[in-house]
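Before any questions on how it binds or moves, here is one chain, the form predicted on its own, in structure tokens.
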Amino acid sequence: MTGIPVACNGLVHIYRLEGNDVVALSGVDLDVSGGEVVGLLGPSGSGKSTLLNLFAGLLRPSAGRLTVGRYEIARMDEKELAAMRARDVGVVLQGAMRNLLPYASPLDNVRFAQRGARRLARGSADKVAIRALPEPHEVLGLVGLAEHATTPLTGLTPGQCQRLAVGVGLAGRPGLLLLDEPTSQLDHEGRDEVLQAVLDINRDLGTTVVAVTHDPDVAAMLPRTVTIRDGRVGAEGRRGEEFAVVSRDGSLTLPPDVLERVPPGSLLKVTIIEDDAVRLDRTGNDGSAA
């Protein structure tokens, strides 16, 4: 399966808690091309995990439009969303053991994860879907655990358990793999193992990968990062270098280090120097040079 693209336009999500509305996302515009690897970077509570859960169809948008490949999430019922996750979207929750059966071997964990996709295929006329599923041993090979197929989970390192969780997310060979904090609580060696496995999967299978992280060091190792701040898309990064983003409504979100020098409410004069160059000059409140 080729990588599945994702597109958000004015995406809003509101949690209703004890009679109060909490706005988690407030107008997210974001496009992820098929086959991309994108990290969602931001502090706790910024909205990045909410965005990931929307991509997975675990939440529904309150407003705006979200498409995952050929699916428009807001128009799907629960049965259709479950089928999408079984067939096209792999989800890896934060904390490796939340994705695994602790009493089962790595091989049996992958086999169990494939049950939903196999059941879905048997219920349709498309028997090719069953044959298209990878062999469990092949999945373990993708995450570097071929030699640990029958090793008890208690015999695996934390990094190996996290790689197995990624393998479980890949069991149905999805076109989109969603990872929530895949390197949390790992040492540097385990972190690098997991990230390399994810990048290898993207290279070998063309799978689109979206990963949530709060760690700038992890984000710097990914080809593209999108900073989520206060429920909106902030800066974008390319291989560790940050860039400001102009949204579809023309608003501009500046990188955090620039905001330290240019706080919210500042007046900026915009000057077009050349066709491909724009200068921003901070001014006083009366418009005079600062």
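Each residue number is its position in the shown sequence, starting from 1. In this text the structure is predicted, and so the values were computed from the model without any measurement.
What comes next is about the form predicted together with ligand ADP, which does not appear here.
Trainee: Thinking of ligand ADP in the model of the complex, which stretch from 37-45, 261-269, 217-225, 61-69 has heavy atoms inside 4.5 Å of it?
Mentor: That would be stretch 37-45.
Trainee: In the model of the complex, does Val278 have a heavy atom within 4.5 Å of ligand ADP?
Mentor: Output for Val278 is no: heavy atoms all beyond 4.5 Å of ligand ADP.
Trainee: Considering non-hydrogen atoms and a 4.5 Å limit, does ligand ADP approach Leu17 in the model of the complex?
Mentor: Leu17: yes, in contact with ligand ADP in the model of the complex.
Trainee: Taking heavy atoms only, is Val22 within 4.5 angstroms of ligand ADP in the model of the complex?
Mentor: Yes, Val22 lies within 4.5 Å of ligand ADP in the model of the complex.
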